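Next up is one chain by itself, shown in C-alpha cells, the form predicted on its own.
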Amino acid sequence: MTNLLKTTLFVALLSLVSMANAADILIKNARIVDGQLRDANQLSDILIKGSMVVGLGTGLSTPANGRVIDAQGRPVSAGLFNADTQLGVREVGSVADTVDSSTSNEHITASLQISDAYNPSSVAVAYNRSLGLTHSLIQPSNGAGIFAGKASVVRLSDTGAILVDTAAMVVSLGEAGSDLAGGSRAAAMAMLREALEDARDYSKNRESFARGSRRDYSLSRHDLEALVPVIMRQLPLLVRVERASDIERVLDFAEQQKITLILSGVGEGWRVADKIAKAKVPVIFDPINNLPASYETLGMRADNAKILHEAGVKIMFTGMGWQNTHNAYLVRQSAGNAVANGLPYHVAMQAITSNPAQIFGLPGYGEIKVGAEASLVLWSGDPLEVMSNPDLVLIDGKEYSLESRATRLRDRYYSRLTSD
C-alpha cells in the first residue's frame, strides 16, 4: 500500500470519526435549568446539530440518523463553570514536578501565563468533566511577589481547551499580600501602586527604555508589558482580598487608577456589598465558607451570597476550599449551600454557568437557547443536590465518557470485594 493511499484512508477514517462525533442529538422531555426563570413543570426538547443548539421546544422532529435521548423529566443544565481552580496545572500538590501554578523567579510575576502550562490530559480534568464541570478559570498562585500572573479560561475538552488565553491579571492583597510585601498591607498597596505607575511610564517610553536611558523599574520588562493591558483597561485586575476594609481600599484604588476590577475571596463582602455594587465590580468566592479561618475573615457568614446579590453584585462561585481543583465540580455543592442560605436558585445557577461566561467573554455559553454552544449536562436529579450525578456530558456537542480513573478504581476494588 502506497504512502499516499495510506494517508487517504487515514483522512477518510478521521472524517468518519468526525461525522460520528457531530451526529445530531435530540434530547426529549428535559427540564431546562440554566439560570433563567422558567416553569419548573414545563418540559422541552433540545435539538443539537454539531456544536450548537438549533432547536428548543416541544414535539421537535427526530433527526435523520441522529441520536434520541429521552430525559424523562430529568434536568438539563449548561456545563458547570468553576471560576477559581488550578485544573491542568496542579496534579499532585506534594510532587513539585507536577505543579506549574507558580514560580519563585522574581523576574516572572505578572508575566506568568498559566495557560502555557495547562495539561488537558490531567487526571483531574477528566475526573471533573465526568462530574459535570465543563469550563474553568484557572488562576496562578503567588510565588515571588504580589502578582501571581495571568489567568486563563479553559474548557475541559480534549482539543481546543484554551478559550481565553489572558482573562485577568491576578494579584494578592490582604494577609497574603502583606506576607509577600514584607509584612504590611500598606507595603502591598505601595508595591501595587508603584507597579502600575511604572507600567504607565514604561508604555509611554519603550524606546527610551530600550536605549537604556530610562530610570530603573520595580518589575522586569516582561512583567511591565503584561501590566500594560491592565492600565489600558483591556484586562481586568483580579484582586484576592477578604477583609471589608481591604475591599474598600481596593475599590478606591481602582477608581483612582481607572482600571477594571474583579474581586476574589470577599469573605466580608457582605459588609460593603453596596459599595461593590455601586462600583459594578463582579466577585468570585466560595459561598460555603462561613467560619473565620484567619483574622481577615472574622466577619464571614453563610448568607454572604444572598446579601451581595440583593445589593446588585454579579457573583461567580468557586468551591470547596482546598478541594477547588481536584474536586472542582463541588462548586455545585457550594452553590446549593448558597441557596439554602437565601440566594435564589436561578441566581446560584447563573453563578456557576452564565455569569462567568459573560464576564470572561464566552458568547453563546451558559444558557440553553437556540444558537448557544451545546455544552450541556443531563443530570440524574437536581444539579445542586449533592447526590445527583451526570447521565450525559456534552462539550461543543461532543459526548464525553462518564468514566474516570476514580470510577475505574471503584469498579476494580468493588468487583474484588463482591467476588470473595
Partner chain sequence: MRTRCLRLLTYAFVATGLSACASTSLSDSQATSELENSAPFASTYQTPSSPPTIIRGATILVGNGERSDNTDLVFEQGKIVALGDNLKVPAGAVELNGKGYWLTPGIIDVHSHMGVYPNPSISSHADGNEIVSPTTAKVWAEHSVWPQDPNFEKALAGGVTTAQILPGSANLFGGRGVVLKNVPSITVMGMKFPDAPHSLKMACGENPKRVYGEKGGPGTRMGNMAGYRAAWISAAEYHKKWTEYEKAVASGDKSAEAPSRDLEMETLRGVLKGEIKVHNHCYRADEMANMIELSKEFGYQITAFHHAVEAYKVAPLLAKNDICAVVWADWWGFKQEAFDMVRENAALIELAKGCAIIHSDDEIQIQRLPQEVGKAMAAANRMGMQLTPAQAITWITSNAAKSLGLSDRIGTLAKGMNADVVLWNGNPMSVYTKAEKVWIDGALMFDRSNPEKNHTSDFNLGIISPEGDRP
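Numbering follows the first chain given and starts at 1. What you are looking at is a predicted structure, and each value in this text was computed from that prediction instead of being measured.
What comes next is about the form predicted in complex with its partner chain, which is not displayed.
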(request) Could you tell me which stretch in 222-230, 277-285, 338-346, 209-217 has residues with non-hydrogen atoms within 4.5 Å of its partner chain in the predicted bound form? (result) 338-346
(message) Within 4.5 Å, heavy atoms only, which of R249, H326, R185, R200 is in contact with its partner chain in the predicted bound form?
(response) H326
(message) Does any part of P120 reach within 4.5 Å of its partner chain in the predicted bound form? Heavy atoms only, please.
(response) no
(message) With the partner left out here, check for me: in the predicted bound form, does some heavy atom of S380 sit within 4.5 Å of its partner chain?
(response) yes
(message) D39 versus its partner chain, in the predicted bound form: is there a non-hydrogen atom within 4.5 Å?
(response) no
(message) Within 4.5 Å, heavy atoms only: does T103 come near its partner chain in the predicted bound form?
(response) no
(message) Let me test this: is every residue among A181, L235 and G265 within 4.5 Å of its partner chain in the predicted bound form, going by heavy atom positions?
(response) no
(message) For the stretch 375-399, I need every residue with any heavy atom inside 4.5 Å of its partner chain in the predicted bound form, listed N to C.
(response) S380, D382, L384, E385, V386, M387, N389, P390, D391
